[in-house]
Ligand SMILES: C[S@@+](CC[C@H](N)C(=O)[O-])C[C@H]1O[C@@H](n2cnc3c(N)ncnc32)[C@H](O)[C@@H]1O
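Read the single chain below, which is given as structure tokens and is the form predicted on its own.
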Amino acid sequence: MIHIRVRRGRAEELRQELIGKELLDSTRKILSDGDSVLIPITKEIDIPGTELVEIPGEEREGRLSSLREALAGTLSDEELALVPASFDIVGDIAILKIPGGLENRKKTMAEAMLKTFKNIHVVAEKKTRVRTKYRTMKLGILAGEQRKETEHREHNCIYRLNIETCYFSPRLGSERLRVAEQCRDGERILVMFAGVGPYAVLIAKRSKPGEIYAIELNPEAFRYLEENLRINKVNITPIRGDVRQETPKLGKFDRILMPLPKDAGNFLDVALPSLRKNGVIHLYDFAHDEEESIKKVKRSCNNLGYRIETLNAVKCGSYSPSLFRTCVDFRVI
């Protein structure tokens, strides 16, 4: 039986990530092993900072472990088949996307979720997709406390945010760690489209950068960014504004992060001139696979007069059944 070993302090965050990826084996117990936790999974996955182990494991007895299980006997078999197998959890708020056939059952689903998952205190539903220039979406409260602000813990960092006025994806926790672990002491780092600070704060916590600048346009997200810098006690320079206008004022960087999958490529004309020799850019994209993203990035850079070397390209979550969020790590040659 496959388990994934992780440090105890990171176990709950990883469990939520595995639920989101539909990889948690809910038929078996999560086990303790000294300072580590062993989480049962349905298939192998490579996550930085974890280790795969094979042990017999223990079957779970009696305890409800999924929303579908909690709703068995309440909904018809046809309705149960429509219940989402996964959902996002930000802090103590669960975010559900209600299928069309379950609109009249959403209150029942939300109440069942509160009873099943004791770490959830608010259940919200997606009213719209992420569409605004600030990457936000409209949400409605279905059950629990009437609030949209929460504190999300990830890799020993704390992020306070409002889930409706700020963009934040809990599914990118491992990707944020992957990038942070590449940062070297003394680097001068720029995080474009910084949001409430998850990339910048984690990098500041895990390495000893020379300087970190974080630029964010959304005034609400920027307010939380400043608050999160204080909460986590990190030295980062926050800048409220448009990266196109602010970046040229800041000099050259060793590393630039561009975590805006839909439009990041449109800002390469700003990022590339701000990169030091041998500096690295992490650019996020939406594509069918990594090769498609590599080709797009190379074409954009060539059009701007830059030749690049691809260091790595990874999938870091799905956007739709055939479209993935990807990240291309590259440098100019």
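All residue numbers refer to positions in the sequence shown, first residue = 1. Model, not experiment: these values are computed from the prediction.
There is another form of this protein, the form predicted in complex with the ligand, and it is not shown here; the text below is about that form.
Any chance residue 199 has a heavy atom within 4.5 Å of the ligand in the predicted bound form?
Residue 199: contacts the ligand in the predicted bound form.
So in the predicted bound form, does residue 243 come within 4.5 Å of the ligand, heavy atom to heavy atom?
Because a heavy atom of residue 243 falls inside 4.5 Å of the ligand in the predicted bound form, the answer is yes.
How about residue 117: is it within 4.5 Å of the ligand in the predicted bound form, going by heavy atoms?
Looking in the predicted bound form, residue contacts with the ligand do not include residue 117, since no heavy atom lies within 4.5 Å.
Consider residue 218 of the chain shown here, and say whether it contacts the ligand in the predicted bound form, taking contact as heavy atoms within 4.5 Å.
Output for residue 218 is yes: heavy atoms within 4.5 Å of the ligand.
If contact means a heavy atom within 4.5 Å, which one of 140-148, 92-100, 74-82, 255-263 is the stretch that engages the ligand in the predicted bound form?
Of the options given, it is 255-263.
Using a 4.5 Å heavy atom cut-off, which residue among 213, 224, 87, 167 comes into contact with the ligand in the predicted bound form?
Contact check passes for 167.
Considering 123, 189, 194, 203, which brings a non-hydrogen atom within 4.5 Å of the ligand in the predicted bound form?
In short, 194.
So which bits of 275-312 sit within 4.5 Å of the ligand in the predicted bound form, heavy atoms only?
Nothing in this stretch is in contact.
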